[in-house]
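This document starts with one chain, in the form predicted alone, laid out as structure tokens.
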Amino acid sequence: MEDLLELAVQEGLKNGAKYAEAKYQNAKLVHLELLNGKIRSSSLNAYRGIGVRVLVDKSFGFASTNVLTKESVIECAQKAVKMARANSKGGVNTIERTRAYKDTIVVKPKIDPVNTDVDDIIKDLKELDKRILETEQRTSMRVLGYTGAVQERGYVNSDGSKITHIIPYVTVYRFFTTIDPQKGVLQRMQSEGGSSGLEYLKELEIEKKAIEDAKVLGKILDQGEKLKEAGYYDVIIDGEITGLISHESCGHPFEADRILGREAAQGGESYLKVDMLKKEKIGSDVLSICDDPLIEKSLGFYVYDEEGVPARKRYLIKNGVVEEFLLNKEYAAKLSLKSNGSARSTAYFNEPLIRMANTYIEPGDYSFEELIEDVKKGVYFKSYMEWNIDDRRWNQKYGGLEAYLIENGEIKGLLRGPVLEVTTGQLYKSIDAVGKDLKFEAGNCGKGEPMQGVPVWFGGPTVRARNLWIK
């Protein structure tokens, strides 16, 4: 396959490109979903192909093919060049040139997540569904799903890089709806997974977590009370929510293409400006937010991005200051910076975009008890049921699911549906203590047109924020 990738690159250069790259993907996926203990959908998919991107003068062109012959690959490279020339009017693009890297990265699963006995997985999911219903009979809708995949990706560029990744993925997700005619409706959606084999699911304690979710939903219906008075409270925010916060209000607005306006009509804009880099203090001294593709077993794991740049840990916010944007080669060149390995795509037929990998608030050294001990009047948000954020990633809202009142340093009654409304700046600057209990959630991050979803983790520890509006 490397020969075909090299052929595509050479054909692009031969036809006038000053830079060319080609990528190969061979993907195999199995998917199962149960609704209330019965199979709702199942599929076994496979696809493979080559994508070619070229830079001609100051315009990019991209084309792809799933016919893996020399003739088809040559034609694909020629189409990419034609596309670039068709886009040349007003083109202002350039790309950072880098050294060549040659490497092969293979993650070997103990149990193949695709070529496995799906009957055993179905049996386990049915048994889990039965236990959930036994735990909380009001859980009237229970969706349980499994996705296993193995992805082989090859990459060659005209700078001399030749890189291969072979990585397995497993994900299990659940979505519960608990209904009581007198007490209302609650919902809970969660997913766990990583870049590993089927054996990884045992480490995640999925059954234990799912049953606990069912218990909590019933408990909230029975015992949860509305917050008596809206107002300003100290807030303890669990890692499940701080992970979402780090992804949505830090990761996305720190994408350089979004900052410079490419995403404006699709995903929105950013509250950041280029001149804020290394200067603007948008959070407290104790707040640092990172994005790190090199976390082993993470869903966002890779060693080189899809432009052949080595991955590394990236500090987006460091001690409250805007430290680094997420960059690919194109936007690094526009800003006279160096790419930090943030180019990713969903499939061979998608162009690489600036994307997150595993975004999280860096942990501190506080225990949970220390975080709450001097909170006189507060709310503890342990999980959420809903959230939203504006297209600049500034105004945001989180609706609590499992949440508790805090009085004089002690956890008190269970609350029903408290809502945190805050701006990104208010939230980041109000954080005065960060816990050491870092944890991650699994997700699929969407971006682009057509939409591309890539696997990610987002995470954080429990944090304490002072004097925020809760209703």
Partner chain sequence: MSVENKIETLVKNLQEKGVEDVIATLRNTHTVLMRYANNEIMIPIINKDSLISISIGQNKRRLITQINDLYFEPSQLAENLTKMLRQLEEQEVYVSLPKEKFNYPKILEPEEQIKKAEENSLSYVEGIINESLSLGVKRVAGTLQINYLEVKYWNSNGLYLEDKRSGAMLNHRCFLDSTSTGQWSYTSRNLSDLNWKLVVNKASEICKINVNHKKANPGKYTVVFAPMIFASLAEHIAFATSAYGVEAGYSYFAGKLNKQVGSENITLIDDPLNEKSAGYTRFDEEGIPTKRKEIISKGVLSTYLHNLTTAKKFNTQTTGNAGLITPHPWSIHVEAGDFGEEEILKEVKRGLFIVNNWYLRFQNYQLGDFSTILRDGIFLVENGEIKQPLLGARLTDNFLNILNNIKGLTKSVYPIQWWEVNTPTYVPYALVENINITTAE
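Numbering follows the first chain given and starts at 1. Note that this is a predicted model, so its numbers are computed, not measured.
Beyond the structure shown, there is the form predicted in complex with its partner chain, which is absent from this document and is the topic of what follows.
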property: Answer range among 104-112, 137-145, 373-381, 335-343 for contact with its partner chain, defined in the predicted complex as heavy atoms within 4.5 Å; result: 137-145
property: Interface membership of Arg48, its partner chain in the predicted complex, 4.5 Å heavy atom rule; result: yes
property: Exercise: Val286 in contact with its partner chain in the predicted complex, heavy atom 4.5 Å; result: no
property: Partner proximity in the predicted complex: Lys471 to its partner chain, non-hydrogen atom cutoff 4.5 Å; result: yes
property: is_contact(Gly459, its partner chain) in the predicted complex, heavy atom dist at most 4.5 Å; result: no
property: Site test, Asp129, Val150 and Val274 vs its partner chain in the predicted complex, non-hydrogen atom cutoff 4.5 Å; result: no
property: Position in contact with its partner chain when the complex is considered in the predicted complex, options Tyr169, Tyr331, Tyr233, Tyr360, heavy atoms within 4.5 Å; result: Tyr331
property: Of Ile211, Val303, Ile282, Met189, the one that lies within 4.5 Å of its partner chain in the predicted complex (heavy atoms); result: Met189
property: Any residue of 102-127 that, in the predicted complex, places a heavy atom within 4.5 Å of its partner chain; result: Thr116, Asp117, Val118, Asp119, Ile122, Lys126
